[in-house]
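We begin with a single chain expressed as structure tokens, specifically the form predicted alone.
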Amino acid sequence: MSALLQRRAAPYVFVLPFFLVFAAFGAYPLAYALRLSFTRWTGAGEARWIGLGNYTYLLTNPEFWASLGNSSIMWLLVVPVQLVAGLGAAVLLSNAKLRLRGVFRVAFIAPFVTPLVAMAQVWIVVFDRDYGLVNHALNLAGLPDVGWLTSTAWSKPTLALLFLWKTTGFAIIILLAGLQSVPGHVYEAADLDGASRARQFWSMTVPLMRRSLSFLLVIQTLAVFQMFAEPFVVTQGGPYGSTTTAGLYLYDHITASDLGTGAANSFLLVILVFALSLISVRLLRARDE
């Protein structure tokens, strides 16, 4: 092989391992799952081709739409709150004059690195109807017990609070990195013009952080619609299916050995999340133009 040919082939040789790994553990499982979504298979025997049967079954199944509705409500309870609270906390933690700033940063980020199952067990104890700390505090204030995890009205807000506690640290990390990219002379010019801190926040910080906020919007939308461990450990999807999220409904098909329907469910979720992400990117591009 000539020296010129070796130099031209060298870049492709270096990236070849990545493509081999991606083909084995990314492309092939994806293609296999797509084919599986058009079949009826229980994990044993031969898969039977049924065309769009699994998709038709899901799109006409009230339980599928109920799981999407639960995930949508969780999204409303989590993502807007997290974007606002995360940005406020990031601005606060970026202030060099804040005392004990390092302690606050650790306090916000610690839940993100704590195992979810351990946090979920704490949640079960704290929000228990009969022995929980929260209901004990309500009783001291003369208020009745609340079924935080056993009533359909409170189960989703309680799980949303757990998700917020767990993942807001991640949002703060992203937003702190975004704030570091804002040039300091912008605020110096605003100070010279006499702009108040509130005016600087709404007219400068929020617009300049739009890309970071949009990134978080897409990432957290993905996370909420994939939410599985929280309802699985804390409520097992109850009471009365009020916390059966789209991710948990998908898991139910897998455990019932209905693998074809489970695969179809996963691709419907991919289409839904892709559409939501595309809308977010389009909105960001329109604002940039």
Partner chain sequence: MNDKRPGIPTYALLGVLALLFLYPIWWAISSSIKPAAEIISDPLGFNLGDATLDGYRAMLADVPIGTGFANTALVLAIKGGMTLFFCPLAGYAFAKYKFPGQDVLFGIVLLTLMLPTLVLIIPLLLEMSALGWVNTYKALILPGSIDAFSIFWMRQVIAAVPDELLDAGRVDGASEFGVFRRIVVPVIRPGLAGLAVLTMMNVYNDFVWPVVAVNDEKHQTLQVVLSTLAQNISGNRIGADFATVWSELLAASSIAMIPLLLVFILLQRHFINGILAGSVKG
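Numbering follows the first chain given and starts at 1. Rigid core here is just the name for the largest C-alpha set that superposes within 1.5 Å across the two forms. The structure presented is a predicted model; accordingly, all values stated were derived computationally and were not measured.
In what follows, reference is made to the form predicted together with the partner chain, a form of this protein that is not presented.
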One residue of 65, 228, 57, 49 in contact with the partner chain, assessed in the predicted bound form (non-hydrogen atom, 4.5 angstroms):
228
Give a yes or no for residue 211: in the predicted bound form, does one of its heavy atoms lie within 4.5 Å of a heavy atom belonging to the partner chain?
yes
In the predicted bound form, does residue 199 come within 4.5 Å of the partner chain, counting heavy atoms only?
no
Quick one: is residue 222 in contact with the partner chain in the predicted bound form, heavy atoms, 4.5 Å cut-off?
yes
Considering only heavy atoms, tell me if residue 241 and the partner chain come within 4.5 Å of each other in the predicted bound form.
no
Please state whether all three residues 81, 147 and 279 have a non-hydrogen atom within 4.5 angstroms of the partner chain in the predicted bound form.
no
Taking the partner chain in the predicted bound form and a 4.5 Å non-hydrogen atom cutoff, the residues of 235-255 making contact are 247, 250, 251, 254
Using the core for the fit, does the CA position of residue 150 change by 2 Å or more between this form and the one not shown?
no
Rigid core superposed, CA of residue 275 - does it shift 2 Å or more between this form and the one not shown?
no
Comparing between this form and the one not shown on the rigid core: C-alpha of residue 198 shifted by 2 Å or more?
yes
